[in-house]
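Taking the form predicted alone, here's one chain by itself in structure tokens.
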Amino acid sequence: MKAIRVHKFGGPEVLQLDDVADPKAGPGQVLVEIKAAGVNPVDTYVRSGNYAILPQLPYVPGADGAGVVKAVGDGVTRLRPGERVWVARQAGYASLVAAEAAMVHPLPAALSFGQGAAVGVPYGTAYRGLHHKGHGQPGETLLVHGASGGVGIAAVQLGVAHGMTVIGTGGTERGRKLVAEQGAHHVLDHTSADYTKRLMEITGNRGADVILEMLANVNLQKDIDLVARFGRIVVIGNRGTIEINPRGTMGKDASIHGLSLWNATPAEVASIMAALSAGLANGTLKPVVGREFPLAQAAAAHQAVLEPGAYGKIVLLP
């Protein structure tokens, strides 16, 4: 099969298209022919060698995918060959993958393979941030700071479905239009000098109860200023350092949580998979694919996923 492999950590140029042996479905596993593979910012951090947990070289990058079941291993009765599926946490930039059955789920007929490849990391991260870390409640206000990317869109859809008042920000007119289309009640331009003032006006000077932050090195102090009393800030993305004044959290009893999807417990993973499967099946969750690249252009996809002005999910097509 064809697969992108990393033989040494470095820039996008280390992504190499290789011919490798086809995997087989072992006990409890499902062999999936991948039709689309998701590209996430975390993939670039791992590839560069700047991540807390690094795989043994060489490795196939990626975690999300969607395709068709080719075979099932012993003990797998929930899925059958020929079914359309999405794969979380155990797919990659390859034409075939053998994944644990618990990470493989039916893909509704209304969704494309590209949309299926946009589920695992973005929606899993957004769900864990909103529910497991942010403890968002119906009736509360949710600020998605940087809402036009894969995780941001997922967070907006999940917040709306949960009965929250959702405020999303975007840096481009196209991105803000996309955020509004996902059901956000208010959309702000985070490049505007007065957008924080506008947010406080919208919330009656309370601020946001939950803030999901995609670029903490730019926005964390603003989040401290904008969070409501007893509010929760969840750091999902960060690309550098920032100086903050912690005193802003004290009078509000506000909290700041870091988040890594890979730290989710087995029980949390199971709840995420169940919730996302239900949301996809009933149409509440509708992933947005922004750009598609051929598998051989994985390096270009890695550059694109870090560019500002995100618009949905980037996927590779094996």
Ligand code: NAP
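The first residue of the sequence shown is number 1, and the count goes up from there. Since we're looking at a predicted model, the values are computed, not measured.
This protein has a second form, the form predicted in complex with the named molecule, left out of what is shown; the following refers to that one.
Interface residue remark: K133 is not counted as part of the site for the named molecule in the model of the complex, having no heavy atom within 4.5 Å. Not displayed here, the named molecule is kept clear of V14 by more than 4.5 Å at the level of heavy atoms in the model of the complex. Taking the partner from the other structure, the named molecule in the model of the complex has a heavy atom within 4.5 Å of a heavy atom of A310. Put simply, H145 is close to the named molecule in the model of the complex: some heavy atom of it is within 4.5 Å. A single residue from the set P81, G183, P108, G171 has any heavy atom within 4.5 angstroms of the named molecule in the model of the complex; that residue is G171. L261 is the sole member of L261, V30, A63, L285 with a non-hydrogen atom lying within 4.5 angstroms of the named molecule in the model of the complex. Of the candidate stretches 236-244, 68-76, 93-101, 157-165, only 236-244 has residues with heavy atoms within 4.5 Å of the named molecule in the model of the complex. Of all the residues from 121-136, those having a non-hydrogen atom no more than 4.5 Å from the named molecule in the model of the complex are V121, T125.
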